[in-house]
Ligand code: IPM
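Taking the form predicted on its own, here's one chain by itself in structure tokens.
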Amino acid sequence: MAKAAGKSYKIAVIPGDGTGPEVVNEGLKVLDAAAKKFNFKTTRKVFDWGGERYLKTNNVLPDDAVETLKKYDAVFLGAIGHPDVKPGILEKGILLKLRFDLDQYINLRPVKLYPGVETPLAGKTPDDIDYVVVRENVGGLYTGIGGFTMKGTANETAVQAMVYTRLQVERCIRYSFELAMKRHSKAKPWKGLSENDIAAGKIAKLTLCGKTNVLTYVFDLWDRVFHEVGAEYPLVKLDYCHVDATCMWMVKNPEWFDVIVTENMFGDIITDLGAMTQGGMGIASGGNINPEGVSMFEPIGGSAPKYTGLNVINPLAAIGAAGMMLDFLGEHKAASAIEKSIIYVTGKKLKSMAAGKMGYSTTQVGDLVVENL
């Protein structure tokens, strides 16, 4: 009897700039192999949104870009950033606009050290670095609320405000509690257990990263909502760290963290720190999530224009992002298989995560992941 056809997913692909198209190609190669192995299909359309298009047309996005993407199940993004385009134009015009207009209010960043990957944290192993940062993705300073007065004079004043609504805060925090429960489906009541039990996966823990002693209005709201929602999740241990202390503990004791939730700017900063502790931008993947809508998945590293066309860039972050996309779409077995194959490749094959030092080309790394899927 013929095997029944699985689901089909519409994927919008934005290869972007620099080495973006190269890593996207490897992500799609693995995606196709997973589709064949796990009996689902994808239909895809490539969009040329990025620096080259802007330089030719002086237009960042077409007017119907957001409505177009709403017709897809997910977006797979390579990289945005072109050396001939002033910083901020593409980032605001593409990344922030799509996040805001598609209401991708969660930025999801796993921080996980894979076997065979070097970390600058002395003595730390994959057992110690395995947590997730949930960054609120559409509020705070990034909304651009503010302005100038007397611009260009000696009395020039610039203001940019950190603004949050309760709705924005609550939905982000609730998502984080649900994620903590999902990560520890067999979690035990945390009372009576020690901090060391977190690394052993015995308890679920959610840490609010903030600055309650200085940002007394915004984080008063975050803290109150954190504890109010937390009362609905008795199996999740609540914790709080100032953002500066969070940075310290991410370096000294990363095993203390399970899920971290924070606002937009703080999340932007600590996730880059987390990426370096897990081996660098070449291995870090992320998702811009709308749990009820269209989400966008991407490697965390930039467009790396100096490596464009050399076939030396590390594609594992993009391949990991493809895996995250499949997990979001409900293809959990395929997503798990991709991650296991990445772990095999980092642990058994690659000499380094750095471009040109992996011991394999970009396309060969993609082939290795496919072979071991």
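For clarity, every value in this text was computed on a predicted model and none was experimentally measured. Don't overthink the numbering: it's just position in the shown sequence, from 1.
Beyond the structure shown, there is the form predicted together with this ligand, which is absent from this document and is the topic of what follows.
Participant: Using heavy atoms and a 4.5 Å limit, would one call residue 103 a contact residue for this ligand in the predicted bound form?
Facilitator: Although this ligand is absent here, residue 103 would stay clear of it in the predicted bound form, with no heavy atoms inside 4.5 Å.
Participant: Report yes if any heavy atom of residue 223 sits within 4.5 Å of a heavy atom of this ligand in the predicted bound form; otherwise report no.
Facilitator: Looking in the predicted bound form, residue contacts with this ligand do not include residue 223, since no heavy atom lies within 4.5 Å.
Participant: Using 4.5 Å between non-hydrogen atoms, is residue 99 touching this ligand in the predicted bound form?
Facilitator: Residue 99 belongs to the contact set for this ligand.
Participant: So, residue 263 and this ligand: in the predicted bound form, are they within 4.5 Å at any heavy atom pair?
Facilitator: Residue-level check for residue 263: no, no contact with this ligand.
Participant: Taking a heavy atom within 4.5 Å as contact, would all three of 130, 184 and 327 count as contacting this ligand in the predicted bound form?
Facilitator: Not one of the three qualifies.
Participant: Quick one: from 238, 89, 95, 235, grab the residue that has a heavy atom within 4.5 Å of this ligand in the predicted bound form.
Facilitator: After the contact test, the surviving option is 95.
Participant: Any idea which of 207-215, 67-75, 135-143, 158-166 reaches within 4.5 Å of this ligand in the predicted bound form, heavy atoms considered?
Facilitator: Within 4.5 Å of the partner lies stretch 135-143.
Participant: So which residues in 105-120, when you check this ligand in the predicted bound form, have a heavy atom no farther than 4.5 Å from it?
Facilitator: Going through 105-120 in order - heavy atoms within 4.5 Å of this ligand in the predicted bound form - there is one hit, 109.
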